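The chain below stands alone and is given as structure tokens, in the form predicted alone.
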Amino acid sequence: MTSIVLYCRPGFEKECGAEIQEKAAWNEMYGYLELKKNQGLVFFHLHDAEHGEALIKKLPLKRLIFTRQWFVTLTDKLELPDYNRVEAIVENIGGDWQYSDLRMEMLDTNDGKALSKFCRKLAVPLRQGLRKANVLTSKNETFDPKQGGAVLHALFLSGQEVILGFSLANNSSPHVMGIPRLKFPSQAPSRSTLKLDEAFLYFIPRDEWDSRLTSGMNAVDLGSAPGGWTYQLVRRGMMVTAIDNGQMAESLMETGQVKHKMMDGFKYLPMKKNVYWLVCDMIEKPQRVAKLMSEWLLNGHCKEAMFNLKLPMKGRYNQVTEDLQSIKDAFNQHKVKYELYAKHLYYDREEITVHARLL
């Protein structure tokens, strides 16, 4: 049976499954779900084998909020021998396709992480074996996701079990398991800084950083204290107005790039319309935050907004859908063109990150 394997944050399998099933149905492709509870793994078993490749061609991964990475299965779960694992894998892949890259993957769990050393050790001989069999492109060819092609995935459930599959290079995450590995900067005042760092990496194309994430821009950070998100703006050379009743880190204030106003983020409005970025990580009801972000953009108080919407304990997917729809409705009511994406990023926990701008 052909299936789509989806990775998500452990504990969010239900939301990930509901979303892929709904989006597939919109494209008249149907199947049933198999959720691996608290393992960050979802199987969407398709009734029609041809729909696997068709769906990952038609549905942008960027439109899936709770899916980090995905691939279409080439095999069911394979039992590997203690020896000659490389030969067994190469034999089961066949020679119908040639792949641009290989992803050695495991689950984002403690048991999965214990396999990382095994996967690193097996990666070199497996790559060599795949190239020898002309399944993987030559190592002299530079892998460029924009050029398209297919990526081979090997999901190891243990040292003796693997699932093989493929994704499309131009519609999959460039990171193994969809997880970017970011280093926490020692100068940042809180670990929340990694959420905005990942958001900029994910939502803003690198070749547009010079125009959209550049030095000299004005930015506003609502709910800023102690300054985890402000730090990411400052390190990119922006001038920041930080809004929070709490104290900001002295190290940020000493940069000369931050003005701190002690007030409610829902009451602040800039005096001039020269703000490019609005960022917001307030612990508030998502409906209120969604409405506030819409108003800032529609009133011209900022050009782009990056913000978090907190998730409820129950009905998370339905709540997210409602919150995003409220933003779309506001934009549509004013008949403006817009870009709106949301993702449950790796460094998010009980929230999703949303990027919005008017075009």
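Just count from 1 along the sequence shown to find any residue number. Here the structure is a predicted model, which is why all the values come from computation and not from measurement.
In what follows, reference is made to the form predicted in complex with a small molecule, a form of this protein that is not presented.
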query: Per-stretch contact check against the small molecule in the predicted bound form, the hit in 72-80, 95-103, 224-232, 112-120 (non-hydrogen atom, 4.5 angstroms); finding: 224-232
query: Proximity to the small molecule in the predicted bound form, single hit among Leu155, Val275, Ile243, Met238 (heavy atom within 4.5 Å); finding: Ile243
query: The small molecule: the contacting residue among Asn218, Ser190, Ser251, Asn171 in the predicted bound form [heavy atom, 4.5 Å]; finding: Ser190
query: The small molecule contact at Gly265 in the predicted bound form, heavy atom, 4.5 Å; finding: yes
query: 4.5 Å heavy atom contact, Ile283 and the small molecule in the predicted bound form; finding: yes
